[in-house]
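Presented below, as structure tokens, is a lone chain in the form predicted alone.
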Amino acid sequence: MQSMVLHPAVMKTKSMRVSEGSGFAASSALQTKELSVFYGEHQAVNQVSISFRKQSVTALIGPSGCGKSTFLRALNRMNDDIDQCRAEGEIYYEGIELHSERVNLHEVRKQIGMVFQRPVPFAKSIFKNVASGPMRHGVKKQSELEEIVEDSLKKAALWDEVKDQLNTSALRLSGGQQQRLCIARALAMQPSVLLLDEPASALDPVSTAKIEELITQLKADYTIVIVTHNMQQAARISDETAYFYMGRVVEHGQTGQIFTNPLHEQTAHYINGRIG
């Protein structure tokens, strides 16, 4: 089982650990406290406080433009790369506040991996797509790289389909295979959290079913946060659901409760198709 223990390299000094009175939940891999995100003067995320349980799938749902993807990218500080984008509030990973200047951002993004809406394989072989990350981080032995590639492709349920064509271009794979390759590429970095931004929205139904099955399998070892516009998909694969509207979390709870007995009328309107 994938270890959920914080890798020391994330923090440059041990003093970065938060105190016992910080309110960080030990059962959570990630937690935000009053997190806001701005693009210039526009506020896209408004004081969101939410916890993501270890080894679970949390779906983020809500209308287009409600801040879901912006919030998702904030969780591993991917928004730092966007001009005029800034964040306020706190993000904790395994008890470490990620906005600290003492955080090693490269290590954060290794441990909190991300897969985007459209598959973006490198114009390289299948093998090099998966091995490139470990190679950049110092893995040199061919035998070790081969082990990482095989393990990652197996976890992404792709090994049996590509094991005889590892040296062929990843661009020759189907869209669904390319997306699973991107997941394998993220897994090769040995993360404990996976952020998925509508990973099946550009795929056909068969490929979507494979991605959903994969997510269900991966939650045994990883914490997964997925943005989806597909209500049926959220209901099928997630343990918890958070409904976003205009940058705020209106409701967050067990998926069964959210979809069958939401506490807020606004949530019910969205799930029933009256908002969206």
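One rule holds for the numbers: they count along the sequence shown, beginning at 1. In this text the structure is predicted, and so the values were computed from the model without any measurement.
Separately, the form predicted in complex with a small molecule exists; it is not shown, and the next lines address it.
Legend entry - Close approach of residue 69 to the small molecule in the model of the complex, 4.5 Å, heavy atom: Within the cut-off, so yes.
Inset, instruction - Using the partner position in the model of the complex, report whether residue 64 sits within 4.5 Å of the small molecule, counting heavy atoms only. - result: Yes, residue 64 sits close enough to the small molecule in the model of the complex that at least one of its heavy atoms falls within 4.5 Å.
Legend entry - in the model of the complex, residue 105 touching the small molecule (heavy atom, 4.5 Å): Residue 105 lies outside the contact set for the small molecule.
Inset, instruction - Consider residue 218 of the chain shown here, and say whether it contacts the small molecule in the model of the complex, taking contact as heavy atoms within 4.5 Å. - result: Judged by the heavy-atom cut-off of 4.5 Å, residue 218 is well away from the small molecule in the model of the complex.
Inset, instruction - Name the single residue among 206, 123, 120, 82 that comes within 4.5 Å of the small molecule in the model of the complex, judging by heavy atoms. - result: For this set of options, the contacting one is 82.
Legend entry - One residue of 210, 33, 229, 54 in contact with the small molecule, assessed in the model of the complex (non-hydrogen atom, 4.5 angstroms): Contact check passes for 229.
Legend entry - Among 94-102, 148-156, 69-77, 184-192, the region lying within 4.5 Å of the small molecule in the model of the complex by heavy atom distance: Contact criterion met by 69-77 only.
Legend entry - 116, 161 and 163 each touching the small molecule in the model of the complex (heavy atom, 4.5 Å): So, no: the whole triplet misses the small molecule.
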